[in-house]
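In the block that follows, a single chain appears as C-alpha cells, in the form predicted on its own.
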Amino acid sequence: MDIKENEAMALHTTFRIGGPARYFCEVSNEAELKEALLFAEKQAVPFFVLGGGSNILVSDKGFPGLVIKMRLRGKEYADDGSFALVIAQAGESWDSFVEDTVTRGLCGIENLSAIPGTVGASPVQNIGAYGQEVKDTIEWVEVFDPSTKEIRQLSNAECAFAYRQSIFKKRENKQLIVLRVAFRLSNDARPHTRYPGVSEHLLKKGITNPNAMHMREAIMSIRMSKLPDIRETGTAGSFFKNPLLPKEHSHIFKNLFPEAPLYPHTETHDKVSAAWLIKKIGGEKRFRRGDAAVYVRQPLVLVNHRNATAKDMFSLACDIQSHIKKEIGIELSFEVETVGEFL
C-alpha cells in the first residue's frame, strides 16, 4: 500500500475543489484498510474515508490527516424466489451497480440511476431520488469499527434511516467504515412511476407498462436535461436538502405561497422544494461568488466554473441559506458534507 503526502483533494472530488491531504492512500481489501488505520494511529492524525468524492466540499486548507480512498470491489447475487439478495463491496461505483441490477431485471433502485459515488456511501446519506430511497432496499450494512477493531453487521433498523440521514452521520458513529451493503431487490415488482415528471416522460415515449430498464433510461434522460455533466463541470449535485415542514406549518406556507411545490413526506411532515425556494429569491441570477455559482437549469445545484475555491463555494451556500431564512423564514440544511476547516 502506497501512502502519499500532500495529495491535492481537488483531484479526488467531483467539485474539483480541495487543498492537500497530509496523507493519502487507496485500499483494495480489509487488510490494507487496517494497515492504513494503523498508520493514522501511529502518526496520531485523524482519518477520513473517501468514496467517489461526489458529495463533499473539501476546505482550501485540505485535510490534516489521512484520507483513505475505498477501492473494495465485488458483487454477489443470491436468488430467493421473487427476491434477490445482492451484496456489493463499498468501493463499487453506485451507478454501475444500479445498471448491473437493472440489466438482470431486478427492481428497487432503478430510480437512483445516474447518481455519482460509491455503494459504500449510499447508506450513509440514505440517497434518494424520484420517489425511491436506498433504505427501502437495504437488508444490512457491514462495517469496520476502528475503536474496537471489529467487523459488525447492522440491520436496516439499526441503521436508523431517515430523510438523508442514518446512524453513520451521527458524531459518535462517524468512525464506522462501511465495507459491504446487502440489498433485497425484487424480481417482479412494478417500478415507482408516480414522481412528478417521470410518468409524463414515459407517456411521451409511449411506455405504459415500464420495467426497470425503462425507468433507468427515463431517469437518466431527465437528470441529463436538468443537471450538469460532472465530466465537464465541477459539482457535488444537490447542495441542499429539501426542508421538511410540520403539517400545521405547511398549510400556512401553502396559503402564503400557493404556487410552491409541496409534497407529502410522512404523516406529520411535508417536503418543500429547496430548488423553488432558491429560485423564488433570485437563485441563478442573484447568487455568485467568483467561479462558484448556482446552476442555471437547477437552482439546487452549485457548480464550479473552473477556478472556484472552497471558500467561494461555502460563502455562496451560506449566502443562499441566510437570504432564504430572511425572506421566507425557512432554514436550508447542507446535503453536501464539508471536510476540513472553513471558519
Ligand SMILES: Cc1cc2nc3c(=O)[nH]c(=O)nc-3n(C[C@H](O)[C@H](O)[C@H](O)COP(=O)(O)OP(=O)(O)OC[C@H]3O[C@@H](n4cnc5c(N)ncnc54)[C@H](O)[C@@H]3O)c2cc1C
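This one's a predicted model, so the numbers in the text were calculated from it and none came from an experiment. We number the residues from 1 along the sequence you see.
Below, we turn to the form predicted in complex with this ligand, even though it does not appear here.
- Stretch-level contact check against this ligand in the model of the complex with heavy atoms at 4.5 Å: of 97-105, 208-216, 125-133, 241-249, the positive one is 125-133.
- With the partner removed from view, the residue among 230, 260, 202, 222 that has a non-hydrogen atom within 4.5 Å of this ligand in the model of the complex turns out to be 230.
- When contacts are judged by a 4.5 Å heavy atom cut-off, residue 174 counts as touching this ligand in the model of the complex.
- Remark: residue 137 does not count among the residues lining this ligand in the model of the complex, judged by a heavy atom distance of 4.5 Å or less.
- Using a 4.5 angstroms threshold between heavy atoms, residue 115 counts as touching this ligand in the model of the complex.
- In the model of the complex, residue 335 approaches this ligand with a heavy atom inside 4.5 Å.
- If you take 37-55 and check each residue for a heavy atom within 4.5 Å of this ligand in the model of the complex, you get 48, 49, 50, 51, 52, 53, 54, 55, in sequence order.
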